[in-house]
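As a starting point, one isolated chain is supplied in structure tokens, in the form predicted alone.
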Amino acid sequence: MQTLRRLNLHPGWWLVLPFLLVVMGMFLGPILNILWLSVTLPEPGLDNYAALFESEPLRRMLWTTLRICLITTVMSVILGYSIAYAMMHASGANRNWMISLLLVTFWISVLVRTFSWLMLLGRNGPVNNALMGAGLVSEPVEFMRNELGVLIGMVHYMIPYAVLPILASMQNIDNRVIAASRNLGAGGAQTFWRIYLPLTRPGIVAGAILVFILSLGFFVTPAILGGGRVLMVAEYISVQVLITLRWGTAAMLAVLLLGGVLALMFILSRLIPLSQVFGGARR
């Protein structure tokens, strides 16, 4: 007990500590194993990492992944902010319905959503039929087997992940601040851009982080809607592991993804306190 007092730890921590060690081992063990494989297969060295500078297809695949993830993040945050703003200013009953419908989307499999878009965006699907019926196009638009179809599917799936943190940030805004801005003569647009939007910045950052990180690991949507023509890093890793058996390259890409996410979190922590982003108390 004297040791516990000296360490300033509650005795309950010693009950939790074994489980924490097990969880850490379950996470750190595979990560260290992947790191080890990336520098030992097919032979010891940094040849797998050197391929990032030597292989044009590899660089093109990484650039495609980064571009699609960035566009998905921007579009999801813009649309998610609009939806959250509408939900925030809806009446109580309508807001509850909107939140319920938003939560239902988390229960629908990404595979079901992707196949739904496959039917909607086909050459003879409802979207092309509507466009041709309205006279906007003379022939079916190729929505699939390209980046456009992948972006539509990914943005549709990611919007709820952007809405929730933004909505939570909006709910924390003190309405008296908005009222004070109006009383001081600011118009609606000026109040939004100079008061409301900056106050929701933690939610925007949190939504952007969440969407971008989840987008990096997308597999099903690019594989189906991209039709093999849009290769992203998750699908590339799957090919290296299951088909070409180049485990070293796959491990290197996995390490690269993990390092990129950690670097992004570090940079963002320098720009904005992560305690605010993830719901911590403001000081």
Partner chain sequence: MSADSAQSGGLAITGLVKRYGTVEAVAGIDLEIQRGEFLTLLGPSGSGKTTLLMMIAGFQDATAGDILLDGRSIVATPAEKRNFGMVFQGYALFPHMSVRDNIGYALSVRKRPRREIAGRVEEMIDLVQLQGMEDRLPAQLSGGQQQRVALARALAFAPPVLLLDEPLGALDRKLRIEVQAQLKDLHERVGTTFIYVTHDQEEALSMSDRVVIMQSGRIEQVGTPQELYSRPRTRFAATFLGKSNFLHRDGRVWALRPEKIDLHVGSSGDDRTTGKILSQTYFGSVLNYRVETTEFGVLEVDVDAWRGGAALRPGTVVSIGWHDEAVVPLED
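Note that the coordinates shown come from a computational prediction; the quantities given were computed from them, not determined experimentally. Positions refer to the first chain, counted from 1.
Just so it is clear, the following notes concern the form predicted together with its partner chain, a form of the same protein that is not shown.
- Only one of A180, V74, A90, V141 lies close to its partner chain in the predicted bound form, with a heavy atom inside 4.5 Å, and it is A180.
- Interface residue among I99, V137, I78, L199 relative to its partner chain in the predicted bound form, by the heavy atom within 4.5 Å criterion: L199.
- Of the candidate stretches 181-189, 141-149, 81-89, 113-121, only 181-189 has residues with heavy atoms within 4.5 Å of its partner chain in the predicted bound form.
- In the predicted bound form, no heavy atom of V127 sits within 4.5 Å of its partner chain.
- The closest heavy atom approach of I195 to its partner chain in the predicted bound form falls within 4.5 Å.
- Contacts with its partner chain in the predicted bound form, taken as any heavy atom within 4.5 Å, map within 160-176 to R176 alone.
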